[in-house]
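A lone chain, given as structure tokens: the form predicted on its own.
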């Protein structure tokens, strides 16, 4: 059994989609990131970066003690190696194809996720934090520009390939799709006219039953009606983190080992 520490966000969807694609049994452990669950000692022992998703595999390949992992890209690679699915093995024959997949996984982790996350923050959240919209103009322009550029990178790659890493569906697609799926909603539905190959791929991946199931996992978790005060409190937890604020939580986690 695998414990999946999760909240319904694009990074969380990556892992539940992979678990569903592999047919693995898992136990969902909600991590309410707006309520501060990511700073609880029991979670920090698994994810010292105080970010979800994270997993604990109680039956790792080859036996032995349970394995805890954080970072969605690392989790995807681990589950692929555990099951032998969606990532070529590290053999002389398959190594080139393996690294074609992994380069796109790392591309997503370093580019698409962070840039879309920042663009979404400045465009949709930060306006509720500041009374001066001019403070947001550069952030919106900078990160929306990067999202546009990265969409072009994907569209070009997908003009010559069925999937991101070639002709086979892989963890590269599972890493990028949860973010790319939101492009129309975040920017404008007209974006698909500019990037038709990207749209073709988004729809192709979305048609997979495991993707549909994985994306809907825990869909009701974040739908609680909140007061204005509760909303501000949750935003403070999400957007005003610093070393000073998490130091005490880390110390508590270390002392409770």
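Numbering follows the first chain given and starts at 1. Here the structure is a predicted model, which is why all the values come from computation and not from measurement.
Here the subject shifts to the form predicted in complex with a small molecule, a form of this protein not shown in this document.
Exactly one listed residue, out of 109, 136, 182, 144, brings a non-hydrogen atom to within 4.5 Å of the small molecule in the model of the complex: 109. 33 is the sole member of 67, 33, 29, 217 with a non-hydrogen atom within 4.5 Å of the small molecule in the model of the complex. In the model of the complex, the small molecule sits within 4.5 Å of a heavy atom belonging to residue 71. Within 4.5 Å of some heavy atom of the small molecule in the model of the complex lies at least one heavy atom of residue 11.
Heavy atoms of residue 51 reach within 4.5 Å of the small molecule in the model of the complex, making it an interface residue.
With the small molecule omitted here, the record of contacts in the model of the complex names 71 to 79 of 160 to 168, 147 to 155, 71 to 79, 99 to 107, defined by a heavy atom within 4.5 Å.
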